[in-house]
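Just one chain is shown here, as C-alpha cells, and it is the form predicted on its own.
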C-alpha cells in the first residue's frame, strides 16, 4: 500500500506579480522529491485557533528546478486562501505544502508530440510548467499554445511566453482577447471556437497530443471542437479550474 503524501514546510523565497490579480510564489522545499509538469500541490493555512483550510494549486515551475517549486495564484474575491497569499504572505514566511499530486494531466519530453496546449486564464499555469520543461530539456517538439484572456493586462506570463516563442525552436503562441483589445491588436478577438482551433491545430496535424486547462465552459468547448476536427479522444487531456479570466 503506497505511503500517504506528507505535509512539509516550504519557505517563500520569491514573489512575482504577473497581472493585477495574479502572483507567483517561489517556495524553497529542501525535502522536495520532484514533480512532473502538469502536477499540483495542496497548500494548507492554519489559524491560531486551529482552523485550517486547504487549496490545490498547479505547479508552474519545471521539474528541473531542484529543491523548490513555483505556484501561480489568482486572487479570488472573498476567497479564504488566495487573498491571504496576495495580501499577507511575504518572503521568508513558511507555508505547509503537500505533493506532488496527480498523474493524468502530465507531459514530459519523452512522451513526444506534436503538442497542442489550450489555456483559459490561470489555466495556463500547468501548461507553463510543460513549456518550461520543454525549454530546459532543449526539445524542439512542434508545439502551439492557444491562450485566452479577457484583456492584454490579464495575459499571465506574457513576457516569458513571447521570449520562449522567440527562440525559434518550434514553439508558437497564439493569443485571443475576449473583452478588450489594444490598438493595433493582431491576435484573435473572440472566445475560442472551431475555426480558431482548426487554424492553430492544422500545422500540427490530427495526431497532436493535447492538453486543455481552464474554466469548465472553455474546456468543454475546446475539447468538443477538437473531436469534431478529427482529433482522437485519447489524444486529449483536460483539467478544469475554478473562477478565472477568460
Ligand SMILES: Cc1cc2nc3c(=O)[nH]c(=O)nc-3n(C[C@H](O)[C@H](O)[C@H](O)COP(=O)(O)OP(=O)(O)OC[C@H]3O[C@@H](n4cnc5c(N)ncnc54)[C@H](O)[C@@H]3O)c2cc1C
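What you see is a predicted model; the values in this text were computed from it and never measured. Numbering follows the first chain given and starts at 1.
A second form of this protein, the form predicted in complex with the ligand, is not displayed here; the remarks below concern that form.
Taking the partner from the other structure, the ligand in the model of the complex has a heavy atom within 4.5 Å of a heavy atom of residue 57. Residue contact check for residue 110: none of its heavy atoms lie within 4.5 Å of the ligand in the model of the complex. When the ligand is considered in the model of the complex, residue 36 lies well away from it, no heavy atom lying within 4.5 Å. Taking non-hydrogen atoms only, residue 83 approaches the ligand to within 4.5 angstroms in the model of the complex. With the partner omitted here, the stretch from 181-189, 195-203, 26-34, 65-73 that lies within 4.5 Å of the ligand by heavy atoms in the model of the complex is 65-73. In the model of the complex, 40 is the single residue of 33-48 with at least one heavy atom within 4.5 Å of the ligand.
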